[in-house]
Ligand code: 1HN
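One chain comes next, on its own, written out as structure tokens in the form predicted on its own.
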């Protein structure tokens, strides 16, 4: 025992002395740095829209869109309070813009997506091209592009903001800049980029090389129709049912460089087989109701969801989805970033 005590004392003294010159022993922390399996800080969670909507609308009387710059209530994971994170690598929030309001123009290095939860008729302007938004539409704001939002309709508009802020903060590469006027000049006709890139054609000699899709608006009506066609013709994946990815039409790759985006159809009564992947995912329910069953064996939790609810599934958490009726889910994750780094992995269980 004396010898053991002497060894421990010698090691403690050694650690103290190397600590004085800003060093530390790897062998004391190796099991944490190189874990045998992914360890996420986040937990699975559902934000019920019936519960959050009154607060979203109340925020409209507390602060204006111009004063707030972006009037958003953050979907903060219960295990990550104070971090502005829905899951370990992604930010999510619900933004409100009231009739007649303008959320002023700015730009930033984080890439952002909008998924319209409630309302029709508001718009997003990206580098001077305006797109009118409707429920279920997926809209991209690429990194470092001027963008503002406005609401010319007579009803409140609410949409999901998905942003790669935690990824950008980890790399310490965040920049932001306000535009000197509330709106960026409208210098491009509405529908221009869709005509230029969204019809399975592009101009001869076009040199577009940005990492984000040039199509920054994906209407729900078209995407929903694609899911319905696939339902009639495609075998249902046991773990995913029918899950389609939004893509960059010029490359066939993901629509965004750091975040993958998906639309998924679960037919009535469908129960997926257990599944897990390393990606961290946030879902927005467009249609239908069902449950997220997250965890294994006695630790499994059944979390119900319905239209306009949002839920988080952290990486490597075993889960399955159950649909009470036809359900359509939008989701975004960090899959494309993981795949580019050679880190993404999945596991599929049996039904």
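In this text, all values refer to a predicted model and were calculated from it rather than measured experimentally. Residue numbers count along the first chain shown, from 1.
What follows is about the form predicted together with the named molecule, which we do not show.
Enquirer: Within 4.5 Å of the named molecule in the predicted complex: all of 70, 108 and 147, by heavy atom?
Expert: Yes.
Enquirer: Work out which of the listed stretches, 221 to 229, 89 to 97, 182 to 190, 253 to 261, brings a heavy atom within 4.5 angstroms of the named molecule in the predicted complex.
Expert: Looking at the other structure, the answer is 89 to 97.
Enquirer: Taking the named molecule as it sits in the predicted complex, is residue 276 near enough to touch it, meaning that at least one heavy atom pair lies within 4.5 angstroms?
Expert: Because no heavy atom of residue 276 falls inside 4.5 Å of the named molecule in the predicted complex, the answer is no.
Enquirer: With the partner left out here, check for me: in the predicted complex, does some heavy atom of residue 242 sit within 4.5 Å of the named molecule?
Expert: No, no contact at 4.5 Å.
Enquirer: Find out whether any non-hydrogen atom of residue 76 is located within 4.5 angstroms of the named molecule in the predicted complex, and reply yes or no.
Expert: Output for residue 76 is no: heavy atoms all beyond 4.5 Å of the named molecule.
Enquirer: Would residue 165 count as touching the named molecule in the predicted complex under a 4.5 Å heavy atom rule?
Expert: Yes, contact at 4.5 Å.
Enquirer: Could you check which residue among 101, 118, 237, 161 gets a heavy atom within 4.5 Å of the named molecule in the predicted complex?
Expert: None of the others qualify; the residue that does is 161.
Enquirer: Does any residue in 110 to 127 get within 4.5 Å of the named molecule in the predicted complex, counting heavy atoms only, and if so which ones?
Expert: Contacting residue: only 114.
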